[in-house]
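Shown next as structure tokens: one chain only, the form predicted on its own.
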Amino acid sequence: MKSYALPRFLVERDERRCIRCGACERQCAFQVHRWHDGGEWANTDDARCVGCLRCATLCPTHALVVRRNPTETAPNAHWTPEVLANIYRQAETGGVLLTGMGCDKNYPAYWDRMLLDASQVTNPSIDPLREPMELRTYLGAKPDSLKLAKRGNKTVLETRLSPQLKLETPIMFSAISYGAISYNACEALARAAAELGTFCNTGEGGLHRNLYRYGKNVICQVASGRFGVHADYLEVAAAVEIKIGQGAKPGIGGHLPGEKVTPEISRTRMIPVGSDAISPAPHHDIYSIEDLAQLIHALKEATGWEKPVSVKIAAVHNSAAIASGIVRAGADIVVLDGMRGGTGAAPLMIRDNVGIPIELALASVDERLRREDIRNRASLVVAGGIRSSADVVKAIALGADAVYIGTAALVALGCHVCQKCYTGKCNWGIATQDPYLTKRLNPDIGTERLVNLVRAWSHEIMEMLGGMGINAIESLRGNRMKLRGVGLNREELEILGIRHAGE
């Protein structure tokens, strides 16, 4: 059937620069480029191009340019070209539209509408190059008070503390499952977490046995499908996370297509080779906060009460009430995932129309837990569209203890956010299980790039803290006086709990 949807991208080849090496054809898993007659001439199928820029990036003579298709439909603010293309595709296939990564709609990014307050004369700034600056963060439940006792000449702590995760920087790598991404990508994330003194998250795909050596820097996830969950998996990790929901698709389950379930993924997930890994929308043993409390208790029992247990939910309108119940159920960490959170595969309409921005959910959750005097009983971690060190600082000032980064980490590995993760044809070797493609991602280079990214952000965080006259990340947490809004209405300012710039 001839598609009525126009190509999204046009690939232009400069014949004067092209040396007919065939690199473009070898690099494109979507078969955009086809050379004929022994490399004499090339056919370019624009309709197949997803805009990953692999061919243009690796062309040795820069002979290729990928542009957005300038062809326009009749102007119509309601029936936009994107809306028309979606209807054409569904009329041709009769299927649900799938996509990868996070929401790309032009909803407000509240991080960009908040500014940080700086110190001047009366509260001098701090130079992080010459004075101590503390980014170390501990995640886990904190006691209401500490009991100290004198033993001889020493003062000892008698209060028994809950297990904590020690982070050298308040940045972790978000839940991305083995299967959704390649083994090389998983290895790079685990190795980088170990080198940085932080944590990566397995997602709902289990942990490959070869990566158990990084277990001290791994958070293992228990999702509704229980893929890859067994005693060794729980034992080797530093913490356990119960996944209730995720920002890219609140209220629905996960799906790993059978073509991505290789023998290695089969062993790790404990499912048959080639079978679809479909996790249900709900946990069929959790239908109340009491049920959740039982699972939290069971996981703590299974790990000897030595590991913190977190619960991850999507940012929705009643996140604050849900988070309050999660804390009272015994969770040590609450994870909030906003509507811009990425994913390997999600229904397009769900990704773009369900959930709320992480900034508003974070502010409301932190405010409610403080109002109920239980904020110390759990740490708050946020995810979903964290793009820079400034976003991290603003999240902590709004009340987060730490952040997860997922899409930013994949971009550091080479991702160009073409949103075709679900096809398994990732030309950068990240969201694929094709052996020919996965070897394009060298885990040594990937580790180095991830470490460089987080270290760069950490240096910037210290600079921003110093500029605010703060020498420890603990002093910024929930300090909303350090934030000012720009272009926000009174209701938005009230929800965020900040003042407008100039006040």
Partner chain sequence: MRAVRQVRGDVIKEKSVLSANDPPGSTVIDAEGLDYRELNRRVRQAASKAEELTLEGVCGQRYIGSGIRKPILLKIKGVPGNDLGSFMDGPRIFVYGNAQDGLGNTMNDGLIVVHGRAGDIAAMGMRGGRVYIRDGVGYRCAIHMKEYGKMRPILVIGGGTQDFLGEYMAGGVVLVLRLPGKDTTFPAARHLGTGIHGGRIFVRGPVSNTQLGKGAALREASEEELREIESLVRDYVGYFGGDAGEIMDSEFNVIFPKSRRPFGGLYAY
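Numbering follows the first chain given and starts at 1. Treat the numbers as computed from the prediction; the structure is a model and nothing was measured.
The same protein also has a form predicted together with its partner chain, omitted here; what follows describes it.
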property: Segment assignment from 308-316, 369-377, 258-266, 406-414: heavy atom within 4.5 Å of its partner chain in the predicted complex; result: 258-266
property: Whether 275, 278 and 299 all lie within 4.5 angstroms of its partner chain in the predicted complex by heavy atom; result: yes
property: 4.5 Å heavy atom contact, residue 385 and its partner chain in the predicted complex; result: no
property: Interface membership of residue 228, its partner chain in the predicted complex, 4.5 Å heavy atom rule; result: yes
property: 4.5 angstroms heavy atom contact with its partner chain in the predicted complex for residue 92; result: yes
property: Contact test in the predicted complex: residue 294 vs its partner chain, heavy atoms, 4.5 Å; result: yes
property: In the predicted complex, the one of 360, 234, 211, 350 near its partner chain [non-hydrogen atom within 4.5 angstroms]; result: 234
property: Contact residue in the predicted complex, chosen from 118, 149, 146, 96 - any heavy atom within 4.5 Å of its partner chain; result: 96
